[in-house]
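Here we start with a single chain on its own, the form predicted alone, put down as structure tokens.
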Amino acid sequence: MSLDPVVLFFVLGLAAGLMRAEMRLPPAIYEFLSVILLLAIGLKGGIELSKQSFGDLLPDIAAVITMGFALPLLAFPILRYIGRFKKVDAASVAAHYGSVSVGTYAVATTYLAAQHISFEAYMPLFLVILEVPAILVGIVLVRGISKETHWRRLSHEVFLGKSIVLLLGGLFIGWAAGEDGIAPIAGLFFDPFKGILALFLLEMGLIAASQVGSLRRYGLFLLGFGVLFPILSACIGSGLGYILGLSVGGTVLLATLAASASYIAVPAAMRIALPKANPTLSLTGSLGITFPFNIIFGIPLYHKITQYFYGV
């Protein structure tokens, strides 16, 4: 994995950012790359959904949703009582770590492809599902079920945010059109996927580097949490995948989803629901620590954890 060019693009961006090199992708290009990636992931999942009964997936969906609620509830007391974070900050960071990273998921799929490991193609459905429960947990931990929470505005931000709309839209289009219907546009969304991901990760490396400086302010606890909690979450995800009877590849992806931390959907939701939370804490952890760790070291580690569960 260390020689995979996709990962090396991220390392290049991270190194360039740390050295303060004059290098950034134009915002419009970055937006275009993220749109293509989200739609491509959704389309692939939708094509697979068109081949099977949705009802057969309901038990798995319920189990994944349960994990989505459990992870932030596990993270919160660690942050609150060991890290001594303020209640609102502990809830916000917990919500980030209970949600998921689309970029990390995309890298995990390329890792599995390089290892010639197949996986259930409906995994993007789990990616979408895991965006929401942690946000709700983070809000309830601080506010309870309060009328003061702007639920209507928050729902709009969560369910009509770019990532959810594009992933769900891609899933629906892939499901409605099927493999043959998508074939004419496969050259845009599927064939150049890895190259687009490489450019996306180049920019993500630059962004991650901008968060590293905050470590001096928030110390070793956040660094330790940003590495060790994802490993714990990955063990939970691997165990769940094994119980659900997923393939080794599918379990690696579920472990990776459990181990990842949101840096798109949750920050936007927390800005509305918990405006007093310190966003620097959350972004430093999710983007400055956990994302680089997962991309460079975590995904191969989660593969080994999964092999342990399956006795491989």
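Each residue number is its position in the shown sequence, starting from 1. Keep in mind the model is a prediction, meaning the values are calculated, not measured.
Keep in mind the form predicted in complex with a further copy of the same chain is missing from the figure; the text below concerns it.
Here the chain stands alone, but in the predicted bound form its contact with a further copy of the same chain, taken as any heavy atom within 4.5 Å, falls in 173 to 181 among 173 to 181, 99 to 107, 76 to 84, 221 to 229. At the 4.5 Å threshold, heavy atoms of residue 117 stay clear of a further copy of the same chain in the predicted bound form, well away from it. Interface membership of residue 304, defined by any non-hydrogen atom within 4.5 Å of a further copy of the same chain in the predicted bound form, is ruled out. Taking the partner from the other structure, a further copy of the same chain in the predicted bound form has no heavy atom within 4.5 Å of any heavy atom of residue 69. Within this chain, residue 185 lines the site of a further copy of the same chain in the predicted bound form, having a heavy atom no more than 4.5 Å away.
Site annotation in the predicted bound form: the residue of 141, 209, 132, 199 reaching within 4.5 Å of a further copy of the same chain with a heavy atom is 199. No residue in the set 57, 62 and 112 has a non-hydrogen atom no more than 4.5 Å from a further copy of the same chain in the predicted bound form. Residues 8, 9, 12, 16, 19, 20, 21, 22, 23, 24, 25, 26, 28, 29, 31, 32, 33, 35, 36 are the members of 8 to 37 with a non-hydrogen atom no more than 4.5 angstroms from a further copy of the same chain in the predicted bound form.
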